Structures are given as C-alpha cells and as structure tokens.
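Consider the single chain below, provided in structure tokens and representing the form predicted on its own.
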Amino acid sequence: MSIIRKIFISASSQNDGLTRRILSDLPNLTPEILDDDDDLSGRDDLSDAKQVLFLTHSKGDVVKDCPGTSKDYLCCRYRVINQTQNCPLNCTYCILQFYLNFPATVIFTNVDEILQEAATKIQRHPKRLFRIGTGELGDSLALSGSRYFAECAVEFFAGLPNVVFELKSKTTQTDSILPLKHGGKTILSWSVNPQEIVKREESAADRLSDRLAAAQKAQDAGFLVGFHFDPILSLPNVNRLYLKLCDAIYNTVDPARIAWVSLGSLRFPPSMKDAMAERYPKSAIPYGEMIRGIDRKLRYVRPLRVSMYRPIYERLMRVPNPPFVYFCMESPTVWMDATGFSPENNNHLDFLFADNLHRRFPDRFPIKPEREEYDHDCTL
C-alpha cells in the first residue's frame, strides 16, 4: 500500500507522461496544481515529506558528480542523476531524512530533458567510461516515479557506448526492469546488510533473502549485478555477521557476474546524532564510539574500520574472477591496511573501474580504457 497522502503538481508537469503514470497508480488522491513551485514552501499542513509527492520540472542540472566528501578520502568519480529526492524506506541511519529539508518528496517529470542532459555531458568525453546512477538522493526503485524513470533510462543508456547505468535499491521492485533491452549497460545493485541489522535498522526495506533472490532473477535475465555493504555497522559478532552475508551472496548469485561491491562504514554529520536518537530511540547506532574524521563527519576509528573491512574483502576475493571491490570515501591508508593496495588518486580509481569492466566483460564494454584519458579531472 502506498504511503503517499498528498500530491502536488507543478503547472509545467501536468501533461508529462511520467505524471500521468504516477497519477494512475494513485487514483484515490486528487492532486493540487501549483502555479508557482514556491507555493509549497512554508505550508504548515505538510508534516511528513515522505507522504507528499511533488511532481515538477528540474530548473538546473540534474546530472552531477557524486558529492565526494574530502580530498583526503578517495572518491570513485561516480555520477548521479537526482531525478527523485527523498526515500520512503526510513532506515535509521539514512542521512536523507536529516539532510533534505523540503516538505515533499520531489520527482522530476521532464524525463527526455534529463536524459538528454546526461547524454550531452557524457558524449563530451567519448573515450572515458562513465558510471552513473539514480540512487544518491533516493532509492532507485522504491517509488513508482523512480521506477518509471528507470525504465526509460535503461533503454536510453543501452544506446550509449561509454556509460554504465546503475540502479541501486533495497527493494525487489524489478519486474518492469527485467524485460527491457539494456544492451548489457545496466547494473542492478542492492544495498545489503545482515538480516539481523535489516530487521532492526531497515524495517521498511525488503528482507535480505528477498533482495538476494531479486539479484538472482536479474542475473537470470542477463543483467550484471552489484552490492553495497554500506553502512557496515560495528555490532557484537560483526565479522561473523558480515562473513555470513558474503557467503549468502555467493551462494545465491554467480560471483563472476557481479560487476562490483562497495564497502563503507557508518558515517554521518555530528548534527544528525541527537536527531537520530530522538527519532529512533530503540536504535543503538547513535551511541557507537565514533570520532570526527577529516571530513568532519562522525565515523568509527580507523583501526576498527580496517578490522571490519579486511575479513570482508578477503572473503569476497576468495573466488575465481572476483568482483571489483572498492571502498566508499576511505583514505589511502585504510585501502592499504585492508587490502595491501591503494589507488594513486581519484582518477586512478576511476580508471580501475573501467579497466576491470573491460577485462571481465569485454562483450559489454569493448572499449579498452587508456590510462592517460583518466589522468585529468573530468567533471560534469
């Protein structure tokens, strides 16, 4: 059942195909048309942004570089399409519920313009492989408006030679995606945690076993898949729980057809700690022993992070043709301590992604990446 209780539509979005599809899913709600998008700000009748949809057109760039946190941490040069802003899943640790302060969940409905923006920016650098996805400011598949955009994007990016498109989710809402002609260019990815953590901290998301079953269906349909261990939480028996998770993944899907796996530990702005404790009083997350990192975010101390990362990394690499395993926003020191290797810089890490995809899946990514093409910054 949908949690949406109100719908507002910008006058510019009334006749968009995406708008019509969203409204057809919510026939019992009467939308309110806004002549001015600013009319939504300051209203006192909107108490929960997750229950309010605002359909409108984007007014600036939607396709951007992922907002890396600090030059002292390695950033993988991921690109994001912020077509949906907010998420209905209510994970206790999610920064979006404290970071986004608009009174509604925003969905941009000018699909063709957004996709053309992405194509124009990507085609400026035809010799560079771009990794781009929709899961930065909202789950890629949890809302119907996100899924409908994803359907269009999957088929659109199938025709671009130098892009890999990722849909990242904690749901199993893939039925409309699996039959699409994706040209091998779409990665279906799942954020994962041990079921013990899913039950306590991700209660509105799908069960781990259901996510893994969805990943298996995606592989059966010809998609490569990905997994994101993020955030890894420091809890009793942490290593046992996450090694069990690694085994569950490899026992369900073919490791040779996993494009990548990311590892990242819990981190959040200090201002979020008290708000998290107030909103989720049963969660133990706000009370973990953390320090303020170089990026001013609270995170576990480095030795603890390494002690969590190293066994997970070693277990994931213990198969023929393992996936590309990387760390999200970690220092070169942590890379070295956990794996014995560190990329030289952000551009080198970007190259390593492209090189790994080409070597492991040359039929899908036939363009051999040249290191010199990645030795300079390339912003969107």
Partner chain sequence: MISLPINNLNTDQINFTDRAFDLFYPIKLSVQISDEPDSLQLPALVQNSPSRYRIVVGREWLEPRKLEKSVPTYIFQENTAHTDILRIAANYVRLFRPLFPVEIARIIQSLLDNKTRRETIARIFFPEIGLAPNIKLIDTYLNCLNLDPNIAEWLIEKNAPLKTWLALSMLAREFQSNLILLLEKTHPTLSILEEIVRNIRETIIREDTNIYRILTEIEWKTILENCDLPETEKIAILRQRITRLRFPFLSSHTERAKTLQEKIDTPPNVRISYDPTFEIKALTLDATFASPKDIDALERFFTEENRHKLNELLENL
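Residue numbers count along the first chain shown, from 1. All figures in this text were calculated on a predicted structure; none of them were measured in a lab.
If you look for the form predicted together with its partner chain, you will not find it shown, but the lines that follow are about it.
Proximity to its partner chain in the model of the complex, taken as a non-hydrogen atom within 4.5 angstroms, holds for one residue of P270, P179, P281, G159, which is P281. E289 is the sole member of D175, D220, D247, E289 with a non-hydrogen atom within 4.5 Å of its partner chain in the model of the complex. The partner is not drawn, yet in the model of the complex one stretch among 181 to 189, 76 to 84, 111 to 119, 300 to 308 has residues with heavy atoms inside 4.5 Å of its partner chain: 300 to 308.
Proximity of A213 to its partner chain in the model of the complex falls outside the 4.5 Å heavy atom cutoff. Though the partner is left out of this view, P126 does not reach within 4.5 Å of its partner chain in the model of the complex, counting heavy atoms only. Interface membership of G264, defined by any non-hydrogen atom within 4.5 Å of its partner chain in the model of the complex, is ruled out. Looking at L243, you'd find every heavy atom of it more than 4.5 angstroms from its partner chain in the model of the complex. Along 221 to 236, a single residue, P236, places a heavy atom within 4.5 Å of its partner chain in the model of the complex.
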